[in-house]
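So this first bit is one chain, no partners, the form predicted alone, shown in structure tokens.
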Amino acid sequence: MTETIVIAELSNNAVHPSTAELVSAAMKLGDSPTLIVPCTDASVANSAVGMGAASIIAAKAEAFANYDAKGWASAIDAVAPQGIIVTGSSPQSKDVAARLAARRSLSVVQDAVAVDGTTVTSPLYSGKAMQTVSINGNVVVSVRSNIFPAASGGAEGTSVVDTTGDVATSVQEFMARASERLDVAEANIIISGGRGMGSPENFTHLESIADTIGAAVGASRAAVDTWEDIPHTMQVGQTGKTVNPNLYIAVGISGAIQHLAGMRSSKYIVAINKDADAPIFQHADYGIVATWEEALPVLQTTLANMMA
């Protein structure tokens, strides 16, 4: 079978658990997946042991100190063997996927949600349609999180490849380090606020709940467009980020089609809105008709007690 290469997802200097899902997806495309862990400290790769990969390579390079797509793609390309490359579907991972595909003259399939032999399915038009493509040869595939089961077992140790000398000069532009708060595109739990929150200052209540349960904080387009303090990076929706968490909590969000396009595939949706006729309730698994001022303190207290 074709060799598969998985690029690990990283979070807070450790391999993110979603990497095991990527290994599971890679197993459907080929056998004996090789897991590459981009890092500046090879010990980071130790956290990938038990995630199902046949072999684990700690790709050590100065390029990985800060994110720059050109530098990352160059460093990974220097280490990764030939084969089908599988990445996550975070904005950063999809950026790297596209650049790796360009470097190797391969096709790229973004946001895969199903793999059946040599066919890969991904959404189009914000999930309104699905496309299925047939893979013939090597390709680069980005895979959405929370779709495939996590793989386990595999290699019990790691090998180290230090490419610092080869790629140091390729790092020309650096982006600021990602915020310590989890990105909505990667989160398993998301709590989002809309214009019904009243002001951007009130998003601190969402942040407090997010910190309690390890969630990410998102926002509707209406909130992003209304308040400059709410950045576009938080936006969930057709013109923002498409997410697929296990739990999505929408607070003060009416449920416009634009927003639904980015989150309606969430496994469980909880809606909090003072308008009982808000469209969001038609798509929610659980609905609470209340103002955020009434609902969030109770939610905060209950969740804090559950996590204690």
Ligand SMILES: Cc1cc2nc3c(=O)[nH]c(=O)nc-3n(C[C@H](O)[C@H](O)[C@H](O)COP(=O)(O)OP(=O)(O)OC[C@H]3O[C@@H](n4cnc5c(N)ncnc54)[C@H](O)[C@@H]3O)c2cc1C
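Note that this is a predicted model, so its numbers are computed, not measured. Here the rigid core means the biggest group of C-alpha atoms that line up within 1.5 Å when the two forms are laid on top of each other. Residue indices: 1-based, along the sequence shown.
The form predicted in complex with this ligand exists for this protein as well; it is not shown, and the discussion that follows is about that form.
Stretch 258-266 is the answer when you ask which of 258-266, 66-74, 52-60, 27-35 has residues with heavy atoms within 4.5 Å of this ligand in the predicted complex. Judged against this ligand in the predicted complex with a 4.5 angstroms heavy atom cut-off, the residues 184, 189 and 205 are out of contact without exception. This ligand in the predicted complex is not approached by residue 99, whose heavy atoms all lie more than 4.5 angstroms from it. This ligand is not shown here, but in the predicted complex it comes within 4.5 Å of a heavy atom of residue 239.
Contact between residue 293 and this ligand in the predicted complex is found at the 4.5 Å heavy atom cutoff. At the 4.5 Å threshold, heavy atoms of residue 120 stay clear of this ligand in the predicted complex, well away from it. For the stretch 252-281, the set of residues having any non-hydrogen atom within 4.5 angstroms of this ligand in the predicted complex comprises 252, 253, 254, 255, 256, 258, 259, 272, 273, 274, 275, 278, in sequence order. Annotation for residue 27: C-alpha shift under 2 angstroms between this form and the one not shown, rigid core superposed. Once the rigid core is used as the reference frame, the Cα position of residue 50 differs between this form and the one not shown by less than 2 Å.
Core-superposed comparison between this form and the one not shown: the Cα of residue 291 travels 2 Å or more.
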